[in-house]
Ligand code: BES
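Starting off, we have a lone chain in the form predicted on its own, written out as structure tokens.
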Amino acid sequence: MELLLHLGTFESYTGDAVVVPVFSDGELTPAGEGANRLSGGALARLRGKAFRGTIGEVLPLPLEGAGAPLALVVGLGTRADFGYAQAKQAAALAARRAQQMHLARIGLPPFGAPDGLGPQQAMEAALLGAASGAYRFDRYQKEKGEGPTAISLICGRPDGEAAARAAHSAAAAIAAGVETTRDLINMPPNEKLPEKLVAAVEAMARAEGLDCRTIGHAELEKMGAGGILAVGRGSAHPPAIVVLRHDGGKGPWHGFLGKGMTFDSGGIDLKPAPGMLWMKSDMSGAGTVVGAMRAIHRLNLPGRFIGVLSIAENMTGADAYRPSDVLKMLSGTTVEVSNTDAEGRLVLADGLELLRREKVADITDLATLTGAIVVALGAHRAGLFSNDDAHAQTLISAGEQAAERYWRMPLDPEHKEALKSPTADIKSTGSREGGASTAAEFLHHFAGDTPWVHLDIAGTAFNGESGPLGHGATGFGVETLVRFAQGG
């Protein structure tokens, strides 16, 4: 997928189709006026009848005398409600329609930008939305999908060229990160066994010039990383921790941590078959960190960021860890295992300790951690847990900028009480009630007093059947981390 910049009018764009944004109220946008003229007034005749301009509507409309033979007229909703989220969604829907129509090259003129959304933001939103909508994962299919391979941002005004260039540069970097994340998550588990996922991340880092260090099985044993070692013990493929660094030369280090379970069978506490079907996505947290670090490095942001990936496979081999085992973690804390399907928090606990040893200013971890958060929030918001109000608000604000929504969930004394063990310092699970909070409280124990946010993305990272971006990985969370890195 290429994101390009076309300096010229939308009439001069020579691709297969041009996207024409239209509000449901008020005057037509400049692109809408042009499409109406080039369609012989068809847009005006259809508006309010076959096409109302609401979010979700896409109308193909033939053009005469333009470089592109077709307009994809897309609804933006009302001007009062228009913002970054609506621009991304509308552009994504237009690109999805282009994919269904097998259109290879589409152009995006500037979307309307009422008060509160500047031109550069609107252009970034349109490019990122279109890139997400046009994404497809077909590397294992003989018949490859057809659809947009090039998306051009159209800028016909000289006074908008600087904003267009900035928007194109930023969107291209973020879109590359999101695509990396979605590709990694969508890969089948036999193609991303721990060593294969490690190799893929190392290859990306080499290509991007991003500092990368892998801590292998022997070094993990020497360090005493008892959580990730126990989880990986039942697999023939040993665990590893990968550390990515972007040193922009200014300020303190900030830590990102991703859960990287390449497949989660549940271990001895075996999952039922339906629950295992999408467990290739249980490394979505790590995949998100990889994509974000790629984008941050491409943008050459001035901050300092460490991305830690805790990578393992949870299987039921002869040496698999057991319920009631007591593990000694990297921090020295002992943990009584109460359920082997609560493995993500164990690999993250060792990652948290590793980041604390780096003296980072704050930590943000991402994980498809609990089914409980899906029950609580569904597929439209991720759960956010934190020990620090300022860090929590910064992440929520970054999510709002990215049109990725979070809901702060509680960490109460009762959740800590539920993790008391008669045998060890702490046990790995509490009761089913409030399961997302007790899981987060377990991580809180290992984050200590470092400002920390845990993002439970179990409901938002992957569309099991279908969704606005189609089946599979969504890339949720990548742009949030980038906006955080840009300053929240």
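Since we're looking at a predicted model, the values are computed, not measured. So that there is no doubt, residue numbering starts at 1 and follows the sequence shown.
Just so it is clear, the following notes concern the form predicted in complex with this ligand, a form of the same protein that is not shown.
> Going by heavy atom distances of 4.5 angstroms or less, which of Thr262, Thr364, Ser310, Thr368 would be at the interface with this ligand in the predicted bound form?
Contact check passes for Thr368.
> Quick check on this chain: which one of Lys271, Arg357, Arg408, Arg322 has a heavy atom within 4.5 Å of this ligand in the predicted bound form?
Only one option qualifies, and that one is Lys271.
> Considering only heavy atoms, tell me if Gln393 and this ligand come within 4.5 Å of each other in the predicted bound form.
Close contact is absent here: in the predicted bound form, Gln393 is far from this ligand, nothing within 4.5 Å, heavy atoms only.
> Please determine whether Glu179 contacts this ligand in the predicted bound form, using a 4.5 Å cut-off between heavy atoms.
So Glu179 does not count as contacting this ligand.
> Taking the shortest heavy atom distance, is Ala372 within 4.5 Å of this ligand in the predicted bound form?
Yes, contact at 4.5 Å.
> Taking the shortest heavy atom distance, is Ala379 within 4.5 Å of this ligand in the predicted bound form?
Because no heavy atom of Ala379 falls inside 4.5 Å of this ligand in the predicted bound form, the answer is no.
> Do all of Met279, Asp282 and Ala458 end up near this ligand in the predicted bound form, with near meaning a heavy atom within 4.5 Å?
Affirmative, all three are within 4.5 Å.
> Among 337 to 345, 397 to 405, 147 to 155, 104 to 112, which stretch sits within 4.5 Å of this ligand in the predicted bound form, heavy atoms only?
Result for this chain: 337 to 345.
> Can you name the residues of 398 to 435 that have a heavy atom within 4.5 Å of this ligand in the predicted bound form?
Going through 398 to 435 in order - heavy atoms within 4.5 Å of this ligand in the predicted bound form - there is one hit, Thr429.
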